[in-house]
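A lone chain, given as structure tokens: the form predicted on its own.
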């Protein structure tokens, strides 16, 4: 399933993805752009809370916890 597009919230712990260009009018996507989660950025899911919310990701050497709804707004291409 490498290279398949999905939302960031669909990745499992340890899986990586590369951020795809998204909808510029989505408020969550705009916030994430502001902190550096840009199209082309490689991300890895580090941890998921027991009930699935929040999702902790790592990118550019930093970790960030996202609400599942915000993670669902980010499309990624699965990577190795």
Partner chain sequence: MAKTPTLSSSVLRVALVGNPNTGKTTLFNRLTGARQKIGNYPGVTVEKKSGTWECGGRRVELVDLPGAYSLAASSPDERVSFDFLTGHLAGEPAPDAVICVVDASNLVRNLFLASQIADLGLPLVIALNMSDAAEKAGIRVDAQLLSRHLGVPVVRTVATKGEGIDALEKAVNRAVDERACMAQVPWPEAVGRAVSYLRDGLEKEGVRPLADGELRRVVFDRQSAVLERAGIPPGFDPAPLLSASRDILTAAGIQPLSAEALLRYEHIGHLTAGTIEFPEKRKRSWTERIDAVLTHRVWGLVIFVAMMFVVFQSIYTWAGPFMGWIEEAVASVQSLVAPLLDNWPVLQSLVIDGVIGGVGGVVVFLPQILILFFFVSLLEDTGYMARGAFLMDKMFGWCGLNGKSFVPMLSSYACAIPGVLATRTIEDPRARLTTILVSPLMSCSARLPVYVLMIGAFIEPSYGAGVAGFTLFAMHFVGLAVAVPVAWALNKFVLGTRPQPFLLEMPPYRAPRFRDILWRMWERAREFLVRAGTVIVAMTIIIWALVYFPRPESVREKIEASAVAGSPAQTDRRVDAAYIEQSYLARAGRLVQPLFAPAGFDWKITVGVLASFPAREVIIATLGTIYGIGSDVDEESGDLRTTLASDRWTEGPRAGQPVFNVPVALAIMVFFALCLQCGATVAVMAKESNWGWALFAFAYMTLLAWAGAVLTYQVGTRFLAS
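Remember, predicted model here, so these are calculated numbers, not experimental data. Numbering follows the first chain given and starts at 1.
This next part talks about the form predicted in complex with its partner chain, which is not shown.
Colleague: Does residue 55 reach its partner chain in the model of the complex, with heavy atoms at most 4.5 Å apart?
Modeller: Although its partner chain is absent here, residue 55 would touch it in the model of the complex, with heavy atoms inside 4.5 Å.
Colleague: With a cut-off of 4.5 Å between heavy atoms, is residue 72 one of the residues that contacts its partner chain in the model of the complex?
Modeller: Contact with its partner chain, no.
Colleague: Even though its partner chain is not shown here, does residue 43 get within 4.5 Å of it in the model of the complex, heavy atoms only?
Modeller: Outside the cut-off, so no.
Colleague: So, in the model of the complex, is residue 66 in contact with its partner chain at a 4.5 angstroms heavy atom limit?
Modeller: Output for residue 66 is yes: heavy atoms within 4.5 Å of its partner chain.
Colleague: Output the sequence-ordered list of residues from 34-58 with at least one heavy atom within 4.5 Å of its partner chain in the model of the complex.
Modeller: Read in sequence order, the residues that approach its partner chain (within 4.5 Å, in the model of the complex) are 34, 35, 36, 38, 39, 47, 48, 49, 50, 51, 53, 54, 55, 56, 58.
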